[in-house]
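Given next, in structure tokens, is a single chain: the form predicted alone.
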């Protein structure tokens, strides 16, 4: 019996998405005799029924291409902007699924995509997801495709910044992506030889950072590389955020919750641009000229690394096998050199953060990297 399968990519783009699409489709078509269609631009394309038939011709040459041939968006099924309003379009997506007589829908994405796919699963659809994000923060998987490529890009950027920092006797503060998880900054910081690494999981004291840089000065090193995660905060700011978040959780009633969320949003907005603030504080405290480099979306672009192509293809082909076996409601997680299905219930609402006793943290400390705390 032929299985009819839909596939979409959602959330931010990430290296390896095309390799994963190719892995699902080539295994599905060639090994299991499936027919596969792609939905353009994530859940919005599913809602609008914008499709492309994935054939050998469509898949040819995409393994090494960055981004996603299907396009992507951050639209949520239950909160989709439609004509100036925010509407729940979940039922429309369910209708599209049945219109095409699909036996399964494969959703490639990060934590937000896992949640949105789970909502469709609760509507009775056969859902399988694959974990992608450069942040490496999806729960219940050893790794996410996209992370290795971004790690290499961030490391190469830090490598290049060493020469200018040394030549001008500067502090170079480089902001690395990762949202509220420090995997990318920590890994690139260690691999790139950063002198200071600041991650969300370890709130920092700017005075500790400044003292570490002054200590380098006393030893004759008149430059320092500071790798800062975009989600890193000082101990004071982290405490304020935790307090505001706790108030949201404890708020009873719609008005109280709305007010608490507004205060949290205002606080979060006030803390944006913290990397510039770190640079200014360090310049003042150390007397060294400080410059900021924000890597931004550069980390998402370009050709996926060999490791990401291998991981994405492995997970994609495993996904096709699970569909053939009738296994649904799962995320295809990376486990060692292979893959295993994990129930979506165990994935949604969770985030894989850097444990404070992780080997990378211990490694950084042992080689003298300042992590911003004592």
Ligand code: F6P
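Computed from a prediction, not measured in an experiment: that's the story for all the values here. Residue numbers count along the first chain shown, from 1.
Form predicted in complex with this ligand: not shown, discussed below.
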**Report entry** Single option in 120, 161, 177, 89 placed near this ligand in the predicted complex, where near means a heavy atom within 4.5 Å
**Finding:** 177
**Report entry** Option touching this ligand, based on a heavy atom within 4.5 Å in the predicted complex, out of 195, 201, 230, 75
**Finding:** 230
Query raised in the report: Can any non-hydrogen atom of residue 216 be found within 4.5 angstroms of this ligand in the predicted complex?
Result: no
Query raised in the report: Any of the heavy atoms of residue 134 lying within 4.5 Å of this ligand in the predicted complex?
Result: yes
Query raised in the report: Is residue 266 a contact residue for this ligand in the predicted complex, using a 4.5 Å heavy atom cut-off?
Result: no
Query raised in the report: Is there any non-hydrogen atom of residue 297 lying within 4.5 Å of this ligand in the predicted complex?
Result: yes
**Report entry** Residue stretch of 139-147, 297-305, 274-282, 232-240 approaching this ligand in the predicted complex, non-hydrogen atom distance within 4.5 Å
**Finding:** 297-305
